[in-house]
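Given as structure tokens, the chain that follows is alone and in the form predicted on its own.
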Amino acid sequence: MYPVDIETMPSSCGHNHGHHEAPVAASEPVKQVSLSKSSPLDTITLTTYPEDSTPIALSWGESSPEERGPIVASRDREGLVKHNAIGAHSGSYCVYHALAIGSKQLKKDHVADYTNAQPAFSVPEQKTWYNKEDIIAMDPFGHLTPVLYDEVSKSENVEVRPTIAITKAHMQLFELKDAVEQGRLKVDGKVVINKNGDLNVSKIAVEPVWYLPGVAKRFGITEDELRTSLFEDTNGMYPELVTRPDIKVFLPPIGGLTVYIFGDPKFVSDPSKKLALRIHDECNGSDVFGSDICTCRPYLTFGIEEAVKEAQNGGSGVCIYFRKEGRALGEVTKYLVYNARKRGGDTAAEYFHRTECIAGVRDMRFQQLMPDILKWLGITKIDRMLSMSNMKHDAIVEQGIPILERIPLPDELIPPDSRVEIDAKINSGYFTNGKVMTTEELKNVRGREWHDVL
């Protein structure tokens, strides 16, 4: 192990909480790099241009899947000249796919056999699938690709892959077993299967597919600004963002989402049925490993329990799990913030400031794209919203979906060390039925602290 001297680690936010300008390094001449004759770049096409390509027609928001056209991202077969989407399938897992190819464990010309892989239940078609406004962050036909576009794939000699998969499963959580034992949930044999609290659940996995003009509009910027930022801030990972303005679809290398439906999936889009909804953003430390520094797992399990109750009452319950670890800042940044909090005074008053010192921003989840999955499911109103987040609430309502009731996390489910988080969030605008602390009062809300030197 290498020793770490905490005192000498660079800091842009000291204990006096002042903001300091980082020193500017002296400029150095850029070194010219000569590529050898054996460089793989000699045989690889780094990017394509409109004049050299004949992309398969793709017109977002058309009135039928056939008129819309398939999404073709892969360069395989004739995809290099015919692809109509930038990026790669599988979201954040696309690099593992490349590693499998590179290490000769996966054949580059493998053709997927989707026999018996079709959806385990039907999602009713919605009018929101057929316009350029409602759904711009996922492919509305992503679950039907093998059926809708198989002939196109064969005739055009390109790869067309699903971006949505639909299945069924059982769910087991020890909190739900407790809910049955304590009488909060009843065993009905349909939703709650047995006294262990096992649940029947319908699941939908979704990979991100962005229609760039729509994403830019949702964020209030131009398409050029969006493309430039995506290209430059990923260090030029996707040159076609700037060389192919004619291609309007991007498959970003980010995590997708999973929908968990309790009760009859058809009820989700039925306005005569009540709907309980939990929108949850990933928190591996709490959701999986039970860390008590935040309220994530308690709210997740509470949301599932309430969703199950709504389904048992004749409505439906939905929990949507987004892969946005650490407020989309990532787990490394999150742990660095934890260290800064625990060593520097963990108070609710400093909760967001600690994050801003390291990340420069308190939250990068940007909920503007989140409502697309609700539109795809056909949700037209939310009877019980199991979330305190003002960002999630505002994003949903701005997309024309009313929220009739907001349900905060009960106080008895809040771990003591996470009062710092929840009280800071309530002060910043999170919904509550209880007290909103002043900035001065937040100084007295403290979490566990430690002062050891590694």
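The first residue of the sequence shown is number 1, and the count goes up from there. Computed from a predicted model, the values in this text were never measured in an experiment.
If you look for the form predicted together with a small molecule, you will not find it shown, but the lines that follow are about it.
**Q** Work out which of Trp376, Phe250, Tyr149, Tyr299 lies within 4.5 Å of the small molecule in the predicted bound form, going by heavy atoms.
**A** Only one listed residue qualifies here, and that residue is Tyr299.
**Q** Can you pick the one in Val160, Leu199, Ile135, Cys294 that has a heavy atom within 4.5 Å of the small molecule in the predicted bound form?
**A** For this set of options, the contacting one is Cys294.
**Q** Would His83 count as touching the small molecule in the predicted bound form under a 4.5 Å heavy atom rule?
**A** Judged by the heavy-atom cut-off of 4.5 Å, His83 is well away from the small molecule in the predicted bound form.
**Q** Please check if Ala349 has a heavy atom lying within 4.5 Å of any heavy atom of the small molecule in the predicted bound form.
**A** No - in the predicted bound form, heavy atoms of Ala349 and the small molecule never come within 4.5 Å of each other.
**Q** In the predicted bound form, is there a heavy atom of the small molecule that lies within 4.5 Å of any heavy atom of Glu240, even though the partner is absent here?
**A** Contact with the small molecule, no.
**Q** Contact between Arg327 and the small molecule in the predicted bound form at 4.5 Å, heavy atoms?
**A** Close contact exists here: in the predicted bound form, Arg327 approaches the small molecule to within 4.5 Å, heavy atoms only.
**Q** When the small molecule is placed as it is in the predicted bound form, are Tyr338, Thr355 and Tyr430 each within 4.5 Å of it, taking any non-hydrogen atom of the residue?
**A** Spot residues vs the small molecule: full contact, yes.
**Q** Work out which of the listed stretches, 268-276, 141-149, 255-263, 281-289, brings a heavy atom within 4.5 angstroms of the small molecule in the predicted bound form.
**A** Contact-bearing stretch, as computed: 281-289.
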